[in-house]
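Shown here is one chain on its own, the form predicted alone, set out as structure tokens.
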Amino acid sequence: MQTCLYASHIDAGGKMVDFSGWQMPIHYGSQIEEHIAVRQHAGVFDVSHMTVIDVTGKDATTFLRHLLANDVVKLSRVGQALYSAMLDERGGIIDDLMVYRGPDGYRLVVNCGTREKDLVWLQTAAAGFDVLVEEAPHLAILAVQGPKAMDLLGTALTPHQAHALAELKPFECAFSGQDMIARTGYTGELGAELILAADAACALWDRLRALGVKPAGLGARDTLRLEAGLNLYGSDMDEQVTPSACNLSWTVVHNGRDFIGEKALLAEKEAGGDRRLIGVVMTDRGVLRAGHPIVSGGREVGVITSGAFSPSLQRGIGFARIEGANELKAPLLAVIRGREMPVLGVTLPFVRRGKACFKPLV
């Protein structure tokens, strides 16, 4: 499948790869240059492969309060957004998603690789509720991110859109018919995500390019989100992982509404589950990759779930899922190609606004 911007990616020199059935740019010549552009100036991502789902009907709020681990009652007015996990009955993460409250209901944006199972799960869970769950495949999504993103995006938008953007705070959104502008993102930088009709998205892409906004591909998107301490579904979380094991306990709200998976999470807490996700930084040269074991005191205590070379920090970084709350008391080592390499357990995120912000855990 191709997004409406496929030809634009080719014209910009995009190296196209298959991503969950979509032809998407991994980079446009230099992943590192694209990463740095977002950290220092502004970049634009085509994320139209993501799945947009609108949930409407008189039971929409009740349905989503049952469906999601976070509570949409927090969205007390139109134009607010939140992040949540969608769990199965065992507390495993079916997907992570953004929820936006619109004038007629809610808009969900879920991952493209989980599209089919998400739609089936939503339709099954909706039985008994007066709700309509509709995919919106005709819409495109652009993410404009970086310290200069808001100014440049304001210049590229229509006066009405620019005014709406200027009024938004982080995790707020504005709707105009099917179009939406939201102060959200996946890079840890200032910026916005825009859901637009295909022709409008293509026109905005061209205006942003003319203003010097650099196109950025999936490669830079991954290193940016890693530096920002943001999980990737399928790497750091999946149906075998509960929120407490991937740094997402903050997205779980226990308030008596009996959401799907809540009983399993409460049982896990009662049993004293001790899996957790931490940041790790290499102290020597090297690059961490998913699957590298983490050892401590002569035994394996965890595994890297995501890893990469950090362009901002100029060193290897990663997420490690550690088994056991006391395992950080001894030095941690990553096993890379058979060699044990020292790593430092640190807080997340690694980078905030382009600067290192992590601290040692012990």
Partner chain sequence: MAEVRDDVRYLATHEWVKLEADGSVVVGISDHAQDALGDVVFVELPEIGTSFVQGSEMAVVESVKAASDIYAPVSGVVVACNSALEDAPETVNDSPYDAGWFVRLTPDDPSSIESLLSPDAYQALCDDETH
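Numbering follows the first chain given and starts at 1. Keep in mind the model is a prediction, meaning the values are calculated, not measured.
Although it is not shown, the form predicted in complex with its partner chain is what the next lines describe.
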Partner-contacting position among Val335, Ile32, Ala330, Leu313 - heavy atom within 4.5 Å of its partner chain in the model of the complex: Ile32
His160, His138, Arg285, Lys169 - the one with a heavy atom within 4.5 Å of its partner chain in the model of the complex: Arg285
Non-hydrogen atom within 4.5 Å of its partner chain in the model of the complex for each of Tyr83, Arg115 and Arg353: no
Which of 24-32, 43-51, 297-305, 61-69 sits within 4.5 Å of its partner chain in the model of the complex, heavy atom basis: 24-32
Distance check, Arg90 to its partner chain in the model of the complex, heavy atom within 4.5 Å: no
Contact of Arg289 with its partner chain in the model of the complex (heavy atom, 4.5 Å): yes
Partner contacts in the model of the complex for 301-324 (non-hydrogen atom within 4.5 angstroms of its partner chain): Phe309
